[in-house]
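We begin with a single chain expressed as structure tokens, specifically the form predicted on its own.
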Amino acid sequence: MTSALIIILGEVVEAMLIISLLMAATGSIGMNRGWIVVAILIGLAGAGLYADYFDAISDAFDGVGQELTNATTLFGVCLCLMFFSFFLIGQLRPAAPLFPLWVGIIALFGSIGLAITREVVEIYIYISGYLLSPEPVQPILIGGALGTGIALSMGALIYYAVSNLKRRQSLIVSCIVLVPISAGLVLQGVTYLMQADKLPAQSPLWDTSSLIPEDSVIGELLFSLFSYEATPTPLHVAFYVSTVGVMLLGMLLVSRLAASGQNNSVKYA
């Protein structure tokens, strides 16, 4: 039961962190939160399709189809979160938003839809393995239910903490937290590409497994929240740092463009 609690908790927390931040951010800019419900439904539909074709996907590309699909999904979530953060920064000045609403809606659909698809499929694979084994299923279901409940509570806590901030603070905090989350997703994608032999295997730069083992409760939570890697390789670090740099520079550029547009509108008013 304990292992099921930790695994399900980790999977649900990862999705809830993204959903909670985006819910708080969309509320701050007055965006209809019904779009989030639609995005969740799209993600559940995608998970159903993935599950139906799981065997075919796994056997594709000489047996590494699942790894390539996971990597593509993770990169897709990162890209959508990146564009959504740019969209949010462009909303810091409500009198002259830099991007139209449809940009945010598309990024929202991609972020939540792909995240839900991946996490639900991971849970499906985990539970399906136990359903096919002779071991009792009840402890797994109880542990999974407890893990889901804890993750939902954490998501609610994050949502209320961010949404109770002032509008500008809420948007900035959401964007800042999205940076390590997005970089962590890229890090996970790089790992999948290494497993699929699409990227070269490398020796780790350091090893913190003696301090925080990846299979410990803290390690699992850190992995779910920020894709904690105890033995990162140079490629992991390079992709992580590059993603952080691109997002921060992009948000700075958008902020300056938004400020320039605001100044011009005031000047010629």
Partner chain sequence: MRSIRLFLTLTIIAIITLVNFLSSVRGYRQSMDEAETLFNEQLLENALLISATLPVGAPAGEKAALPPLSVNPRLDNTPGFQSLLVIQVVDDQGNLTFSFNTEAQAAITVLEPGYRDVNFDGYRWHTLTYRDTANERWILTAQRYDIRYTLAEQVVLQSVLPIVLSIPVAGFIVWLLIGAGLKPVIRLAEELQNKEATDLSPVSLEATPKELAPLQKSTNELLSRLKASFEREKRFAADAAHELRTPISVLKVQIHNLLEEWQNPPPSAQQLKIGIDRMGHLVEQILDLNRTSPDLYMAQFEQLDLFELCQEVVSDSYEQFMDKNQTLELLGEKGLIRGDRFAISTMLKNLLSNASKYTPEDGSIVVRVRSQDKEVILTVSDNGPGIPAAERERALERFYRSGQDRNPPNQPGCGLGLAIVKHIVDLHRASLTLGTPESGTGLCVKVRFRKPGQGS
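These figures come from a predicted structure and were not determined experimentally. Residue numbers count along the first chain shown, from 1.
Same protein, other form: the form predicted together with the partner chain, not shown, and the subject of what follows.
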**Contact residue in the model of the complex, from Ile42, Val237, Val217, Leu225 (heavy atom within 4.5 Å of the partner chain)** = Val217
**Message:** in the model of the complex, does every one of Ala25, Ile172 and Ile176 come within 4.5 Å of the partner chain, counting any heavy atom?
**Reply:** no
**Prompt:** Does the partner chain come within 4.5 Å of any heavy atom of Leu101 in the model of the complex?
**Reply:** no
**Prompt:** Any chance Pro139 has a heavy atom within 4.5 Å of the partner chain in the model of the complex?
**Reply:** yes
**Request:** Would you please decide whether Leu92 lies within 4.5 angstroms of the partner chain in the model of the complex, comparing each non-hydrogen atom pair?
**Result:** no
**Request:** Mark Gly149 yes when one of its heavy atoms lies within 4.5 Å of a heavy atom of the partner chain in the model of the complex, and no otherwise.
**Result:** yes
**Asked** If you look in the model of the complex, which residues in 141-177 sit within 4.5 Å of the partner chain (heavy atoms)?
**Response** Ile142, Ala145, Leu146, Gly149, Ile150, Ser153, Met154, Ala156, Leu157, Tyr160, Ser163, Asn164
